[in-house]
Structures are given as C-alpha cells and as structure tokens.
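Below, in structure tokens: the form predicted on its own, a single chain.
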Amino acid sequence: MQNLDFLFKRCQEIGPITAGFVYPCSQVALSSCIEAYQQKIFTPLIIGPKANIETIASTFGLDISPLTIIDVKNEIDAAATAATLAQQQQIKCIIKGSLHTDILLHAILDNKYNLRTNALLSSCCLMHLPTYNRLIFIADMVINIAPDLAQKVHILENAVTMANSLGWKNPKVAVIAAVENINFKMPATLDAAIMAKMGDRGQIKNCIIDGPLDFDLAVSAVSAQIKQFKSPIMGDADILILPDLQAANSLYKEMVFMGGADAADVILGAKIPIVVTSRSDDARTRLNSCAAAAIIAHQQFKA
C-alpha cells in the first residue's frame, strides 16, 4: 500500500523550491526548516528576528549556518516581508513558523501584495491510514467554518488542484452528508447534489463527483454492495468534501490521533501554496506538508 514517502521521492526529482519560513522562533519550527533544507525540499529563506533565531539554534544545537536569515523585528513584519517576497516571486511557498495564523493570512490576503486569486482560500489534506487500503484527501478542516454552496465549490476545486498536482489525474470526489438521499431538511444533501450535477455538466473539471454520499458509501465498497448503491464512487473515493469545518476537523483529528494517520496539509487558493500546521502536528506531518506544497508550487510555476 502506498504511503506518503512518494512526496519526498518527487521532491528529489524536481529539486528544491525557494520557500519563506516565517518567524520560526521555536525549536520545532526551526528544526522543520532545517530538515526541509536537508531533505532538499526547500531552499529556505528564514524571515524573523535574527538574534532570537540564532539563540534558539545555539540553545538546541541546530546548524543554521547554510541558511539565509532576513532580519525583521516582529511577527507582523515577518508576515509582510513574506508576502512581499511572494509578490516578487522570490519565494514560491510560504511556511508558517511560530506566529499566529491570522497574522500570516492577513498579510497574504492584503490586496496590496496581489497574492489573491479568484479562488477561495481553503485547506486540503492528504492522509495515509495504516488500516485503509488507499490514500485519501479531505477538505476543508482549517479555514472555512460553515461554507455555503459557492464556497464548497471552491473548496472542491482547490482539493482537485492539489490531487492533480500530486498525481491523481481524474480523482473521484465524494461530497459527504449524513445520508445518500436528498433530504430537503438537510441542506448538505442539496449542496452535494448540485455539485454532483455541476460535475456531470463540466462546470467542475478534472474529476468525477458524486453526492450526497454518506461516509461508508464513500470509503467502503462492501457497504456500497450491501446497500445496492449505484454510483461512479463505490467505496473508492479519492477526495472527501465534508459539509463544514467541524466535520472535517474532527475527522482529521480522529484519523491522526486514533487511526495513526500520516498527513500532508496545504492551504490553496492563493498564488502560492501555504503551509499552516497545527501546534499539535508532529515533525513528520510538518515535513509531509512541506513536500506536498513544494510539488504544488512546482506545478503552479511550471504552468
């Protein structure tokens, strides 16, 4: 069964991508930056207070001598500098360090840096579970709390972009609800049905969409057979679009903390991919996310 190691093999093939590591003022954040450099995923530009970063490196025995540090005073200046470098295409990814997520995203979304696109910012995560026979993407568990139909379409399209970039040419997308039938009292089922029809008519491209699907039909061929359900997705979904952030975030954390899942999480929808890992994410998840973002950036700038 394939795991997420393919991300690192692909990074070795394409070579390191220039990335801005924004305010990595902790042992974990700075170590992630160094490991991404050593694994040849990124050529990092460290953006933060130089004296503080050098003290952290000295305290924990981290070698930052090969890395460039852009000296700034605080979190706000670090985020603004990263956005400026991205605007000038001097960096092709932005990686969050120890600053608050809202400070970083505020800079990225500031119109003066011209990093916004017509798409919505949303997260997508590629998961490998040791108990499941295929890799699977889920979205959006980080940014959009209660997305409406238009926002769900953007979330789906961003997820497809990530899947396409990582090698899924025509992924199967399951739009998840509590039931597989349309129920007028359950708006998630209506949104899912509309999105499926948009896929049928080519309004959403580069994927196969069906919905509403309850979770078991999306991930279990046995359940689909027992229920005598007919769909282009018979328990073999590649992408799960959850109805809201609460559902997606809970599923993500259940997979990681109870299912032992390996994860790679990227924020898409801006002109460059962004990695904003959780404080509870381990070093492997941080590195996986960097590798996925580097591959996506390579595809974006190659196009």
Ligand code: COD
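All residue numbers are counted from 1 along the displayed sequence. Model, not experiment: these values are computed from the prediction.
Below, we turn to the form predicted in complex with the ligand, even though it does not appear here.
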item: The ligand contact in the predicted complex: residue 98, any heavy atom under 4.5 Å; value: no
item: Close approach of residue 87 to the ligand in the predicted complex, 4.5 Å, heavy atom; value: no
item: 4.5 angstroms heavy atom contact with the ligand in the predicted complex for residue 109; value: yes
item: Non-hydrogen atom contact residue 69 with the ligand in the predicted complex at 4.5 angstroms; value: no
item: Contact assignment for the ligand in the predicted complex, among 193, 120, 115, 136, heavy atom within 4.5 Å; value: 120
item: Listed residue (177, 163, 141, 79) with a non-hydrogen atom within 4.5 angstroms of the ligand in the predicted complex; value: 141
item: Answer range among 224-232, 163-171, 99-107, 125-133 for contact with the ligand, defined in the predicted complex as heavy atoms within 4.5 Å; value: 99-107
item: Residues in 237-256 close to the ligand in the predicted complex, defined by a heavy atom within 4.5 Å, in order; value: 245, 249
